[in-house]
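In structure tokens, the next block holds one chain alone, the form predicted alone.
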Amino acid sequence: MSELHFPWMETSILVPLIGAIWMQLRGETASAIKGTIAICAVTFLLTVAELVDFVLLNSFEAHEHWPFMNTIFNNEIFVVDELSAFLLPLGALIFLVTVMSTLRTKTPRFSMKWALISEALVLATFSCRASWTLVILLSISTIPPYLELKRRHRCTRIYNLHMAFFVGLLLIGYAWLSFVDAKSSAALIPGALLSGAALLRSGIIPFHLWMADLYEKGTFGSALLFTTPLVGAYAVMRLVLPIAPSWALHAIAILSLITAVYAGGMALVQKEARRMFCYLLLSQSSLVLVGLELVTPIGLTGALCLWISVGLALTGFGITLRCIEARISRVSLADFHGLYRQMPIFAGFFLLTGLASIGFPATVGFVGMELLIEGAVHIYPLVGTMVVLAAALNGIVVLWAYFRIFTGRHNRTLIPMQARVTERIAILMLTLLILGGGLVPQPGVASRYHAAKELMRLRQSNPITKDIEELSEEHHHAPSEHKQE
């Protein structure tokens, strides 16, 4: 296995942890946000350097040679491959722009210390292969939102029940899998338990209530950080995809597809912006799972591309709503607010990120959505139709919310509504990535396609999953796909 030239992964994990310790010693004052932005910026640059180093190696996977980490973890646990290489900068960017969009007045409610701890957990999770370390990281990551809800004196019953069920399924499923041969039929039951855990973490019906409850009772920033990196999809890729038979993956895809359409319809009838965003995110993230479970190169490539676009676009969409909330309180969609004249930058960015999340042409989500639809149609035409229906509902939601928030009668306010410098920088960064990924999509798509082929090759090495290739060649053979390859 290739080695990176510098321990980028471990350093990027340690930097926010050290920052959290520094924040604890210093105290979370209003001025601490500048230090947090600096820490998140350094972490993001480290993940970008890791991505560049990995790409230059021209290898599917690589690990870091650092004696200190090797004495604690096995060399094969923390590994960067073509799946996680792009997810690490994405996760670091989500935390960076979320912190940059935080007003000083929000510091007492939005804990910078726990944001840094959460970032370290997300980066460690994305750097980890299927192992007990990954299971422990997934379990620990549920703690920061719980502590925030307790600190805000909000009821945690719904969140506790769902996350306890998630951790229980995860621990029992992986422990059971450790005692059986992962390449035998005995792995089906623990595989089902792990699938249930991943679906619960992703908010798939009927395990979606915790997500709406978190957005309703927690701070908008913490809810964004817990949901937009799509950690549940990563759990599916590492724990479920290698061992699940094709029929089980298709069942998961059907549940995800139902969730996508249901959540799109629910977003359309919400009267509060937070809940609208929650269901929009749930719908789009479910489409990612639909592609992940199609087990075809085109569908899997579309899902991996859509994963990146959903993370970028809906993070931008969410921080726009959060910035508006910070100025006018919670946003109701029952009335027209007429905010365009007072915040034109936010209005344009709101529309750009919303349309990018549904795959509007010239944005980063366009190619991913097209590949996902093509891959779905190759399996079942009805699946492709449902994907289009979900995307159409989400597009209507975006435009409806835009008109409600930014059009209508203009109301003057005495407080400044313009974007601050850090907010403008965050908006500029995301805009360049969204438009750049849409106008020059080939490098990202080629990398995602190669990752999809390698993941399918590793999956087919398992005797349980060898039926996929037979099924693919017998029922879903597409000559055009071979031409593209």
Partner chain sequence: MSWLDSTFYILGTAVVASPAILLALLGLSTLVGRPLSEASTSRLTQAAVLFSLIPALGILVLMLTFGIRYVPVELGNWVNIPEQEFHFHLKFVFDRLSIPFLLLSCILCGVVGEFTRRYLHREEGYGRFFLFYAVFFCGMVISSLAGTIETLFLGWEMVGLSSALLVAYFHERENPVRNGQRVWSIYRLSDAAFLIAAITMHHLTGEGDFGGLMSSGVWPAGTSAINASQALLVGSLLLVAVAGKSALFPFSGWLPRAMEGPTPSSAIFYGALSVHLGVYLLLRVSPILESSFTLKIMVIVLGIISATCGALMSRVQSDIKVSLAYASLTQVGIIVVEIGLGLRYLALIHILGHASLRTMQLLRAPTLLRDYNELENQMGSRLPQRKSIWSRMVPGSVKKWLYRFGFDRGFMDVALDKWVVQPFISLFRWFDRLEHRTTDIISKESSRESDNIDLHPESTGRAA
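Predicted model only: the values in this text are computed from it and were never measured. Positions refer to the first chain, counted from 1.
Another form, the form predicted in complex with its partner chain, is not on view; read the next lines as being about it.
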Open item on the list: Give me the residue from Phe360, Phe226, Phe346, Tyr234 that has a heavy atom within 4.5 Å of its partner chain in the predicted bound form.
Closed with: Phe360
Task: Heavy atom within 4.5 Å of its partner chain in the predicted bound form - residue from Phe366, Phe110, Phe166, Tyr174 - done: Phe366
- [ ] Answer for Tyr449 alone: is it within 4.5 Å of its partner chain in the predicted bound form, judged on heavy atom distances?
- [x] yes
Open item on the list: Residue-level contact is defined here as any heavy atom of the residue lying within 4.5 Å of its partner chain in the predicted bound form; does Arg327 satisfy this criterion?
Closed with: yes
TODO: Report whether the minimum heavy atom distance between Met266 and its partner chain in the predicted bound form is within 4.5 Å.
DONE: yes
Task: Any non-hydrogen atom of Val377 within 4.5 angstroms of its partner chain in the predicted bound form - done: yes
TODO: Check, residue by residue, if Val48, Asp181 and His250 all come within 4.5 Å of its partner chain in the predicted bound form, counting heavy atoms only.
DONE: no
TODO: Choose one stretch from 191-199, 114-122, 85-93, 158-166: the one whose residues place a heavy atom within 4.5 angstroms of its partner chain in the predicted bound form.
DONE: 158-166
Open item on the list: Heavy atom within 4.5 Å of its partner chain in the predicted bound form: which residues of 200-222 meet that condition, in order?
Closed with: His208, Leu209, Asp213, Glu216, Lys217
